[in-house]
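The chain below stands alone and is given as structure tokens, in the form predicted alone.
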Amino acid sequence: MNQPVRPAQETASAPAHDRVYRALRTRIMHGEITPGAALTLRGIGGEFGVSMTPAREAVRRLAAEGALFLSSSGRVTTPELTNERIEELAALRALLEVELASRALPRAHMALIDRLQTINSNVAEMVSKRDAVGYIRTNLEFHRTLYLRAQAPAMLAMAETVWLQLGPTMRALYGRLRRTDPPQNHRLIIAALKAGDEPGLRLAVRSDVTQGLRLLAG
């Protein structure tokens, strides 16, 4: 059976839009763009070698996810979160990520635990280098690797949307904390996984995902 032919414009623009969306999404989530930073469609288009249409579509998608703020005048910025919003997102992280970790626990085989220990070594390396973006990236990799074992894709997608909204703020938080040691709670998470300790795991995850954010909001 012949496949339907897409209009030329759709075929050409969809991959470009998706490429720009994914690249910007990763940058925002990893804190590469600071809170309140202004972006322009012309600048985005020029950087990625695309026309204004894919750039605009990527921005609209990210704005719908709360990763960018699009004003009525068309100005595009990363959000500057209020203390109330930070508290709300911290509470969401606690709800979603504690549940994801709990669901992952029965499937936490030794290969997963070994992988988490390796990632945590990378987190420690980024801390020692004072690499804020590297720290945020490896920290999220640690959490995502664990939560993938929960086999709860809708819940994980919701958690990633929260990470996306918090990305620039996490960069600001890192600068304020001046962290010199890797997160203590990661070691507690790994220990609870090894022991099959669900209450300990839930407590360690909740502490890990909320402590820093609540310090920033305070």
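Residue numbers run from 1 along the displayed sequence. Treat the numbers as computed from the prediction; the structure is a model and nothing was measured.
Beyond what is shown, the protein has a form predicted in complex with a further copy of the same chain; the following relates to that form.
Q: Partner absent here, but in the predicted complex, which of 183 to 191, 27 to 35, 51 to 59, 168 to 176 has residues with a heavy atom within 4.5 Å of a further copy of the same chain?
A: Of the options given, it is 51 to 59.
Q: How about Val162: is it within 4.5 Å of a further copy of the same chain in the predicted complex, going by heavy atoms?
A: Within the cut-off, so yes.
Q: With the partner left out here, check for me: in the predicted complex, does some heavy atom of Leu96 sit within 4.5 Å of a further copy of the same chain?
A: So Leu96 counts as contacting a further copy of the same chain.
Q: Can you work out whether Ile44 and a further copy of the same chain are in contact in the predicted complex, taking contact to mean some heavy atom pair no more than 4.5 Å apart?
A: No, Ile44 sits far enough from a further copy of the same chain in the predicted complex that none of its heavy atoms falls within 4.5 Å.
Q: Looking at the partner-bound form in the predicted complex, is Ala91 within 4.5 Å of a further copy of the same chain by any heavy atom?
A: Contact check for Ala91: yes, within 4.5 Å of a further copy of the same chain in the predicted complex.
Q: Using a 4.5 Å heavy atom cut-off, which residue among Arg144, Arg85, Arg115, Arg107 comes into contact with a further copy of the same chain in the predicted complex?
A: If I apply the 4.5 Å criterion carefully, the residue I get is Arg85.
Q: Give, in sequence order, every residue of 102 to 116 that has a heavy atom within 4.5 Å of a further copy of the same chain in the predicted complex, or say none if there are no such residues.
A: Residue within 4.5 Å: Arg103 only.
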